[in-house]
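Form predicted on its own, single chain, as structure tokens, below.
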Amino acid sequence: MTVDAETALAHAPPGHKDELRLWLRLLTCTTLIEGEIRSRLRRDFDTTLPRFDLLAALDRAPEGLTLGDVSRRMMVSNGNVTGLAARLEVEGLVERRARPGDRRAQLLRLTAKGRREFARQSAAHEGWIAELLAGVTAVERGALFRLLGHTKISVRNALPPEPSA
């Protein structure tokens, strides 16, 4: 078994580097879950997590998104999105259309085939997450969700303000 940084600090005395230990635990959980999801997407659908994420972003925006919007939502570069979108377009899962009122801007949308494929993948994804978190009770999930919400607010408040556009 690989020893991650969080496990390496597990025997530190209580109160010793708590913030660092918490961050490492969050990172470890995320890495474990993400690695398993990547593996299952590859095994069951011959796809990648970035492709799944792009389809998910488009599924939440049936009117379509510009490549820039997708890039911001996925927190990746426009170049990464352009390449992904081109491959998904060739496969018939997404389509590009001119934005109404602005023919220069292209909107990316799921095709009917893309909606069907994403529905299959997202149903499996939901089941995988439930399976991976099955050892956490509903009460524990609720408490964890609330605590992580508080953590998210704390982190956002500690960040410098974003520059105005």
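Note that residue numbering follows the sequence shown and begins at 1. What you are looking at is a predicted structure, and each value in this text was computed from that prediction instead of being measured.
Beyond the structure shown, there is the form predicted in complex with the DNA, which is absent from this document and is the topic of what follows.
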- Has each of Leu84, Asp102 and Ala105 got a heavy atom lying within 4.5 angstroms of the DNA in the predicted bound form? yes
- Message: Can you work out whether Gly92 and the DNA are in contact in the predicted bound form, taking contact to mean some heavy atom pair no more than 4.5 Å apart?
- Response: no
- Message: Quick check on Gly68: any heavy atom within 4.5 Å of the DNA in the predicted bound form?
- Response: yes
- Taking 4.5 angstroms as the cut-off for heavy atoms, does Gly64 touch the DNA in the predicted bound form? no
- Task: Please run the contact check for Arg60 against the DNA in the predicted bound form: heavy atoms, 4.5 angstroms, yes or no?
- Result: no
- May I ask you to choose, among Thr48, Ser122, Thr30, Thr137, the residue with a heavy atom within 4.5 Å of the DNA in the predicted bound form? Thr48
- Choose from 110-118, 22-30, 123-131, 48-56 the stretch whose residues reach within 4.5 Å of the DNA in the predicted bound form, heavy atoms counted. 48-56
- Those residues of 72-97 with a non-hydrogen atom no more than 4.5 Å from the DNA in the predicted bound form are Arg72, Met75, Val76, Ser77, Asn78, Gly79, Asn80, Thr82, Leu84, Arg87, Arg96
